[in-house]
Structures are given as structure tokens and as C-alpha cells.
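One chain follows as C-alpha cells, the form predicted on its own.
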């Protein structure tokens, strides 16, 4: 049986009702994914194993796949991101869900194995845990997708070091994902998480963004819009120069550590905010993470060298040498640990690419067992659908213009 949070019957019914309402709310704002339901009929009878954030937006994707005839099993890709009401509502709709908010690391691993126990034809991953575990177990699926930057890094490393057992499509690298989800979705939802968790004023604060990829760009943009003085730290000289020309201060993290009021990581790497950096910070700073795993902030340093003096509303306050350091959401994704994640309008595009990628992997084409880019035509289908949903018309090339662009004369 699916494993979800166990509750008394009256409380369970109340949560299921809330979950249905939230899923319906998201679905109304995800017209592109909704419009694809008929086009996905080629996936009838497939077993899909997914490790994604169990949110109302994910629920819309799962139900779209089910309505197209697939069998779906879902586990959470983060112990703190599952919305229990949504999980229960999905179970009521015939989706096998193995997730609940606040599960232990051991339970998290068991839930991943439960999904893989369904012997999926296609894996859908967010962070790489499901895919890596599938390879450890020797599961040879038909194909898989990966949703996030951290996961793509891991899958590419797995491919180069050990080889893949089946083709993986890095949805994160699709235009319709990273240009919108990473930039606008994470930019808004990370600020949302910080504000919900802290209720602090951003205007006038020194806001340090570690990493200037598409996620970092989005966060920096939104923080500046709220009146913060934004500092960017980077290791990539090209991205650092871009941040500088975008009007942000750029400096090493140890220098920024002495100046910042709010810090957020968005790199996909570990110990970006190190113990050495924490030792230089001012009193009462806030540390948050918007990278996939809880390794970007050196949480162990806080635990081993600080005194936990307050724990409330997703914030742990540690005292180090007389200075308070506030850790948001245990160093996990702040937009999901303290808020609801991305707006459905953004996830509409990302999940539409996911759904079309699943269809592509099941198209009968002979695909190499490697990381395969999402075909541009899938991106364009989603973009056209989103423009149509927004009531926006664009120009088309004339025959003369098309011919000219293909000519060297």
C-alpha cells in the first residue's frame, strides 16, 4: 500500500478535501499541461516512477499522466517539501504515493526503493536520487528525465564515470525549463520562502546570492526589486562579469560574509557557505539555500560549533561566539521548506516539457544510453502553447524570409 502520513479518519478527510482544492487551483493555472492530455495517449500501460517534490503542481502532472493511461508511483525528492494534503488526495485518485512531510533520511530512502520496486518503464527525477539508485539496483528502464541542475550534474557524472543503463533527458537544460522555472519560478518562490519564514524587511538589507546561474540570476533580480543591496559571489569568471554588468556587487564569499544580512546559495555544490565564512558573519544574519540538496550551507559546522538557542517556524538560531546565525529550513530548499514552491504558471511549462519528454522516450525510437538533449521542437511546442494560453500572437516567417535565411548568397 502507498505510504503517506497516517492520520485519524476525520483529519484525513479534511486534508484530502484541502488537497483536492489545491490541486484544482493549480490545474486552473496550468493550461499547457492540461492541453497535452489527449496528445499523451501513446503512454497507455506504461509504469512511471517519479521522485519529485510532492506539491499541488506535481499532482497536476501525475494526474495528466494517469489520465493518458500510465500507471504512476511517486515519492518525494525532499523530506521537507511534501504537501501531505496533496499526497493524500493523489492516493484517493489512484496514484501510488510514498511520501510525507518531515520523513527521516531512512524513510526517504525506503520510499525511493518502493517506487523502483514498481519496475518503472520511465523514471522522472528531481535531484538524481531515483536515477542513481536505479543504477545501483541494475534497473534498465526505457528512459528517464531529470528536472533540476543538481540532478543533471550527477547524471552527467554517472554517465562519464560508469555509463548509463538507459537514456536520460535533462529537462533542466531545456529552454522552457531553465529560462522560466529556474529564473522566474525560483526567483519569486525563494523570496517568498524567506519572507514567510522571517517576516523581515528586505529593503535596505545586504542580500548575498552565492552563484549566478539562472537560479541565482532570478533571486538577485527579485531581491533587488524588493530594495535589497545585492552582492553576488561566483567562481565562474564569465558569470561573475555578467553579474557585474547587470549592476550587482561581485566579491569573494569570505568578504561578503562580513557584510551580508541575508545569504542564499544557488550553486549545486557543497559548503559554499563554510564554517570559516560563518565565523566572519555579523550578528543575527539569515542563511538560506535554493540549491537542491542541504549541503550548500555547512550545517554541520553550526551544529558542532554553535549552541541551538531557538527553534521556531522552520528557523533554527545558533549562537556562535556571541553572534546569532539563523538557519532557514534546515538548509534545505527554502522555497519548499518554508513556502509552497514555484507558482503553477511556471511549473506548467516545466511539467509540459516533462510530459512530452516521457512521450518522446516512449516513441519507439532507438535511443542511445546517454544524456540526450531535449529536442528543440518540444520546447517550441510548449512555448506556442503558453503563448496561446496567454492570448499572445507572434509573427511567422514568409516563404521569402525562410528562403533568405537558408541562403549563403
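Positions refer to the first chain, counted from 1. Please read these numbers as outputs of a predicted model, since none were measured by experiment.
Below, we refer to the form predicted in complex with adenine, which is not included among the displayed structures.
Closest heavy atom of residue 357 to adenine in the model of the complex, within 4.5 Å or not? Residue 357: no, not in contact with adenine in the model of the complex.
Wondering, does residue 341 line up within 4.5 Å of adenine in the model of the complex on heavy atoms? So residue 341 counts as contacting adenine.
Tell me, yes or no, whether residue 362 is in contact with adenine in the model of the complex, where a contact means a heavy atom of each within 4.5 Å. No, residue 362 stays farther than 4.5 Å from adenine in the model of the complex.
Does the 4.5 Å heavy atom contact test between residue 75 and adenine in the model of the complex come out positive? Residue-level check for residue 75: no, no contact with adenine.
Report yes if all three of 150, 288 and 293 come within 4.5 Å of adenine in the model of the complex by some heavy atom, otherwise no. Not a single listed residue reaches adenine in the model of the complex, so no.
Since the chain is shown here on its own, which stretch among 63-71, 32-40, 380-388, 50-58 would lie within 4.5 Å of adenine in the model of the complex, judged by heavy atoms? Of the options given, it is 50-58.
Just one of 233, 182, 82, 335 has a heavy atom within 4.5 angstroms of adenine in the model of the complex, so which one? Partner contact (heavy atom, 4.5 Å) among the options: 335.
Sequence-ordered list of residues in 345-374 near adenine in the model of the complex, where near means a heavy atom within 4.5 Å: Heavy-atom contacts to adenine in the model of the complex: 347, 351.
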